[in-house]
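One chain is shown next in structure tokens, namely the form predicted alone.
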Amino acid sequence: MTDSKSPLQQARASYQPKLPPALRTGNIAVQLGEPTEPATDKEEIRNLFPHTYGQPIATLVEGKGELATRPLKVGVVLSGGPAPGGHNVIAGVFDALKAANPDSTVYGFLKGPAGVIKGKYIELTADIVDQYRNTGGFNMIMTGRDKIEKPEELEACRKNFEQMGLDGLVIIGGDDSNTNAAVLAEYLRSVGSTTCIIGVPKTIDGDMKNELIEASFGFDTASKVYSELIGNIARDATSAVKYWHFIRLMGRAASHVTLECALQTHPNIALISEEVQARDITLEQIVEQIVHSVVKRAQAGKNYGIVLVPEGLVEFIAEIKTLIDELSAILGQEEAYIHSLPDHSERVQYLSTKLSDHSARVYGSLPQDIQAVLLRRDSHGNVPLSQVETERLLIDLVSDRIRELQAKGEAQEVKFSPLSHFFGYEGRCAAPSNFDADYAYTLGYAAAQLIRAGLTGYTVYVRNLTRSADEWVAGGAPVTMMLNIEMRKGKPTPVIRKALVDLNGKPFQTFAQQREKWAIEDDYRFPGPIQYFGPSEVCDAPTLTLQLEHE
């Protein structure tokens, strides 16, 4: 009978993540800076968070401080989609608390924030935590996408914390989850609860970062997994020499994953949603860009190539956003009638009389399955854009355009054989890279220190991530300083602003300088699989995005 753990699992279990110097010692102190405030919407946020507004940035340093040494009870919860490194955050919290006092207790709330609201948890022992060190996934305590925001949910949490005697809760999640942490911290302080709430920045999309938070954990591993797969496909494309591969990558709001994978692999085309929006690029122009590369490469005898497409592209194309807005208004008044029409062609014909001329033409140009998706609404009344297979949409439109050219006697050398792929879940639960294993562990270890210091309403940060862990500096950023007011479900809501791709930043500019060459030539780069053992420059290097941002 074979062992249930693979040789790699067994070897990774013994990997000891690296920590910055201040966290390796038993003497850890918190250094507080000046009061902080958000960049915008100061008064609105001050009014919403009167008990936690204006807190100082905290830096963890080596020295004798006044951190709690008594036994503490601390909960951890995983929130949102999985990201590689989540288990190491929990291991970091566990190890830090046990190092300060072996009698401390760590509880894992089950299945995300719903477990916090319902009081569903288990005690995390060394036997449990040790099974999950340096592994991917969130399966130690599972995750969920619930939010803690209604008054009755906030009060249910308070009661659970009081019954448990909980000193702190570490919320491991993205921008929405860390905003949620700020809301919960504010509520608890307003009712006199001493339970501290600390957030940890997680998302493979890479869109939770700012001047203090250099990266979210999970982005490094996920983008490396996708880059390996893209490199493999590029190698196959140059071997079979007959397929154009259209690859959709995760990242609904931001295109960081697509940009990082493009820098790693040099595809022929990589579409960046933020550029499409900023330059008001139309769907037709996107199609023409791809067709131009297809034709030019065919003229060079290369009827193959790679196209990278960010998951959220359609939301950034102005004409489609306008179309969706018009459809939403029409459906708001006539949804029952439209769906009562006997077949899709009648629905399209009716809508063409209701839409503006331009939107009617855009809608009519879309494949039938995409038209059908745009007529659906989810439970929140939104178009389920995640169901739009953007790569297939582009394949259909590019195919149509090539047939048009060939009917005119042009592009006769083109033999367009497209294949579609979607890379998403393949990267979310991969075994974390050394970088993510170290980074996530440090985040957890630092979160425990902030709770020992009695701080609440903070998100953990680690600075100097492009250097060795010996130069990392950890601390906490008040969540209120990262908030702004946005319209959510029709009302102004405090949220952490998503960090989109900076078109003036070094990562995008580096990509933009090379893409014309990539579009025509075979300049593919092959990153290969994540390496866990070997020289540091192979095993420990962070993403190219992070390296370029720090140049």
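Numbers follow the displayed sequence, beginning with 1. Computed from a prediction, not measured in an experiment: that's the story for all the values here.
Heads up, the form predicted in complex with a small molecule isn't pictured, but that's what we're talking about next.
Taken together, Gly81, Ser386 and Arg428 are fully in contact with the small molecule in the model of the complex: each brings a heavy atom within 4.5 Å. At a distance threshold of 4.5 angstroms between non-hydrogen atoms, Lys202 is in contact with the small molecule in the model of the complex. Among heavy atoms of Met250, some come within 4.5 Å of the small molecule in the model of the complex. At least one heavy atom of Glu311 is located within 4.5 Å of the small molecule in the model of the complex. For Lys415, no non-hydrogen atom is located within 4.5 Å of the small molecule in the model of the complex, even though that partner is not displayed. Taking Arg145, His292, Arg403, His421 one by one, only a single residue has any non-hydrogen atom within 4.5 Å of the small molecule in the model of the complex, and it is Arg145. Of the candidate stretches 442-450, 190-198, 393-401, 251-259, only 251-259 has residues whose heavy atoms lie within 4.5 Å of the small molecule in the model of the complex.
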